[in-house]
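The chain below stands alone, shown as structure tokens; this is the form predicted on its own.
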């Protein structure tokens, strides 16, 4: 079987960031306004009063301290509480493609690749800007890549599903070099007026260049094995689509934005993912002591702590299970790739690690890698 490697990764970080303190001030101003405007209905028991948020609540629930966003002003305006990203004419590159191209260019530069060296592009992300033309095809065009491209969506697991898809194309001889791009404008589908989730997401773009191992540059990562799993659940859902178009803010239609049953997700996903990782390790004859690092999906610090503990048999150190959640928040499919991108340079030849993502679906993906010479 053809050996496959991750040659390089790329990262695009938006210029604007929102701290928990800033977010709480805006959210609580909205709550105060809502409760005042609905005081009579609240007193009559017809409308439920909204509760304020706090930085303590956010950090205890998630481990998040800040998030990068494409539009800070709209989110922090209590009258709007939604990003305002202007539409662009069709002859300009779309916002989502622009994020993907920026991340892709860094990955390509790090691997010493140009557009003509790449055979395919996969745009693997939770939140597509449009139905068609495919975002991947627009990114392909902007980078001057020949071949083929398509979009795929497996929610927060999209990046790991994209890595396996790219690896399978290479193993089958359909490509030698595949670019997997994960532009995530998560702020556009978050209900910033919901206390239980208003702090969760941020915006970012990542890219992964997957290639035949025999053409990968020095310092690449051999893919030891990949594994995917899905199991249907309604506990994380977003009902927005072309059949039920809503206003961008989703006002009055909270199910057209991100919704989740957080406690159920925690209870069901942690054991599912831990068991999947351990099962895949057994297939690859890997022991916990063989893993130097776990680059886990950046959704919730408490979930990652429990998953890594189940896998390693003890609590992981910050070096063994690095986090970017505090700075970036949940960036859906891009989270584990950011962690890998920022926390892999100290690894030595032969060191092994795990890129793992999990999320709505439920979906989960594991990619075991080893640092090549």
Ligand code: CO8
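Positions refer to the first chain, counted from 1. Nothing here was measured: the structure is a model prediction, and the numbers come from that model.
Missing here is the form predicted together with octanoyl-coenzyme A (CO8); even so, the following discussion is about that form.
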Worksheet item: Would residue 156 count as touching octanoyl-coenzyme A (CO8) in the predicted bound form under a 4.5 Å heavy atom rule?
Response: yes
Discussion item. Can you tell me whether residue 102 touches octanoyl-coenzyme A (CO8)? I mean in the predicted bound form, with a 4.5 angstroms heavy atom cut-off.
Written reply: no
Discussion item. Residue-level question: is residue 35 within 4.5 Å of octanoyl-coenzyme A (CO8) in the predicted bound form, judged on heavy atoms?
Written reply: no
Discussion item. Please tell me whether any heavy atom belonging to residue 332 falls inside 4.5 Å of a heavy atom of octanoyl-coenzyme A (CO8), as the geometry stands in the predicted bound form.
Written reply: yes
Discussion item. Tell me which stretch of 216-224, 165-173, 103-111, 188-196 has a heavy atom within 4.5 angstroms of octanoyl-coenzyme A (CO8) in the predicted bound form.
Written reply: 188-196
Discussion item. Since the partner isn't included here, can you check whether octanoyl-coenzyme A (CO8) sits close to all of 52, 61 and 297 in the predicted bound form (heavy atom within 4.5 Å for each)?
Written reply: yes
Practice prompt. Report the residue, out of 273, 124, 200, 135, that has at least one non-hydrogen atom within 4.5 angstroms of octanoyl-coenzyme A (CO8) in the predicted bound form.
Written response: 200
Response to the item:
Students should find that, of 303, 281, 81, 143, the residue having a non-hydrogen atom no more than 4.5 angstroms from octanoyl-coenzyme A (CO8) in the predicted bound form is 303
